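Before any questions on how it binds or moves, here is one chain, the form predicted on its own, in structure tokens.
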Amino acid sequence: MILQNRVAIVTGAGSGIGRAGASIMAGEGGHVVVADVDFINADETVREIVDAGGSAEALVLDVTDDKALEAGIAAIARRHGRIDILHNHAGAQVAGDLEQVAVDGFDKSWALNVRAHFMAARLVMPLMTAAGKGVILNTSSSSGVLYDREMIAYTTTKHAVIAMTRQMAGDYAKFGVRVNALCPGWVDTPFNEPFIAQMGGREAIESYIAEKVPLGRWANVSEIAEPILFLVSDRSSYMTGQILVVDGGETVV
């Protein structure tokens, strides 16, 4: 149990990669705070974890609401006396190129994909520096290291997450806090619906992935959960400021 007695907050943990990451952390002994804007999804993740013998609780909030986020993190800190891991995963995918993307969609992307990561990290950092240890994992994307077809809002924000991760890592390593970023590639979850629609449907996206990804297929969420566990645990104890790309080889070509 490599996360025994550790408290982890995972945002966007109500479904997809977030749920898979929360589940694998709980399976390794961590107490996982399942943060999600959707009560039903958060509760379902908690039930799955508890039914599997793990420990979890739901934290229902909109991570772009600063006051709600601050109150939620403060409540977790009071209840448990510690926050060892923060996985900033909540995000949004908004399609469109420079002229097509809605301006409010771009703003939503920035608020959720970047600013909310910044705020959550800002709120947990005093606890981690006081403890002399802690791990923050920010979810970027393969779109954070690549051009992504007609996805300017998403690509811009995911590049920004990488820059922010490196900056945090450099500033806080001296306090024993590690900060890394995960860049998933094509993972078969509903999160990709905007891009699938833009590409012209499921058949079109399957052809695109077969052509562009050397492994020729989507990842499933379990294949992303394992790298998450690596990055938030002591298995990566000498890693900080790093960007782990898990994309089936797409960035190779």
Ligand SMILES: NC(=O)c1ccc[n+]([C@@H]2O[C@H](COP(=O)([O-])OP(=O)(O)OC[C@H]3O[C@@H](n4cnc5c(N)ncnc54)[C@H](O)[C@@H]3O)[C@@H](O)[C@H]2O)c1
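Because the structure is predicted, anything quoted here is derived from the model rather than measured. In case it trips you up, residue 1 is the first one in the sequence shown, and so on.
Separately, the form predicted in complex with the ligand exists; it is not shown, and the next lines address it.
Is there any non-hydrogen atom of Leu112 lying within 4.5 Å of the ligand in the predicted bound form?
Yes - in the predicted bound form, heavy atoms of Leu112 and the ligand come within 4.5 Å of each other.
Is there a heavy atom of Ile196 lying 4.5 Å or less from a heavy atom of the ligand in the predicted bound form?
No, Ile196 is distant from the partner.
Any non-hydrogen atom of Met128 within 4.5 angstroms of the ligand in the predicted bound form
Residue-level check for Met128: no, no contact with the ligand.
Any non-hydrogen atom of Ile49 within 4.5 angstroms of the ligand in the predicted bound form:
Heavy-atom contact with the ligand at 4.5 Å: absent for Ile49.
Listed range touching the ligand, judged in the predicted bound form by heavy atoms within 4.5 Å, from 129-137, 70-78, 164-172, 84-92
Heavy atoms within 4.5 Å of the ligand in the predicted bound form occur in 84-92.
Check for me: heavy atom within 4.5 Å of the ligand in the predicted bound form, for each of Ser15, Val37 and Gly185, yes or no.
Per the other structure, all of Ser15, Val37 and Gly185 touch the ligand.
Using a 4.5 Å heavy atom cutoff, which residues in 150-176 contact the ligand in the predicted bound form? It's fine if the answer is none.
Contacting residues: Tyr154, Lys158.
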